[in-house]
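Before any questions on how it binds or moves, here is one chain, the form predicted on its own, in structure tokens.
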């Protein structure tokens, strides 16, 4: 009897899921159909189509945009490990408990509060224009260098807070048990707390990395010719906004799979906890 009841419940849940999926698919198809039918009927659609969706300009500029995107990827590639290291160091310093090291803890708190409170573009301007303005010789006046430093400073502050939340999610009894076994505070943090904390915050940090990949485009305001600036060059030459649409599609080709992977990691983490 119990087996029959469970089977009926499973059948009912399957029907409910199938019904929900059909409703979702139908509503989505209806919205898409409405967009396809109604948007081209807008009075200014022809002008918008010529300005933003010129197929020939898209094909002509796409290779140049892809080459410029390589610079975005390169900046991301050398910023990401620096952000991880600085963020980890700031998170550990933020949680220091020894009274003698209070100045280090206060410095970490000040760093995190300041750079989390400032807009990314403002930090890029201040660092990217301010430090080269000191008259430094090449290559120390490079906007690539100081723009990357600005990104590292801002994103490390966010990563530090994410890691700190992971550290604080580890129950205090684990720290106490490790200390009772004779481990030092440093060994407890390195061997017991951090391995668990880092695993717990991987999905959140993945989302920060996705945001970093997009914000690399902000460096174009201080000089580097990456994909956003290259799209602006094409727009000025061709008097058309289609290159910006091409740049957007290139970003989406990278960020959407990365976002789905971050969601997969988060779902897997939630299943492991349940």
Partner chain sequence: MNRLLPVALACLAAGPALAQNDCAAGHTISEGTLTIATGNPAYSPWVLNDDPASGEGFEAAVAYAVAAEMGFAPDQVSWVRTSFDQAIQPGAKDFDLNMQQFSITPERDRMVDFSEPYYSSAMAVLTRASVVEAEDLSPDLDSLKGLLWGADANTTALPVLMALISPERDPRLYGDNTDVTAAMKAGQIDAALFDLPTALYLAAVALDDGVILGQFPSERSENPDRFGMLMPEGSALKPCVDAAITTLRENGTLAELEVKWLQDATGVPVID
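Numbering follows the first chain given and starts at 1. Computed from a predicted structure; not experimentally measured.
Keep in mind the form predicted in complex with its partner chain is missing from the figure; the text below concerns it.
**Q** Check residue 233 for me: does it contact its partner chain in the model of the complex (non-hydrogen atoms, 4.5 angstroms)?
**A** Residue 233: yes, in contact with its partner chain in the model of the complex.
**Q** My question is simply whether residue 111 lines the interface with its partner chain in the model of the complex - judged by any non-hydrogen atom within 4.5 Å.
**A** So residue 111 does not count as contacting its partner chain.
**Q** Any of the heavy atoms of residue 78 lying within 4.5 Å of its partner chain in the model of the complex?
**A** No, residue 78 stays farther than 4.5 Å from its partner chain in the model of the complex.
**Q** Does any heavy atom of residue 144 come within 4.5 Å of a heavy atom of its partner chain in the model of the complex?
**A** Yes, residue 144 is a contact residue.
**Q** Heavy atom within 4.5 Å of its partner chain in the model of the complex: which of 212, 217, 65, 222 fits that? Just give me the one.
**A** Only one listed residue qualifies here, and that residue is 222.
**Q** Can you pick the one in 39, 48, 249, 70 that has a heavy atom within 4.5 Å of its partner chain in the model of the complex?
**A** It is 48 that has a heavy atom within 4.5 Å of the partner.
**Q** Based on heavy atom distances of 4.5 Å or less, which listed stretch (80 to 88, 152 to 160, 100 to 108, 122 to 130) is in contact with its partner chain in the model of the complex?
**A** Only one stretch passes the 4.5 Å heavy-atom test: 122 to 130.
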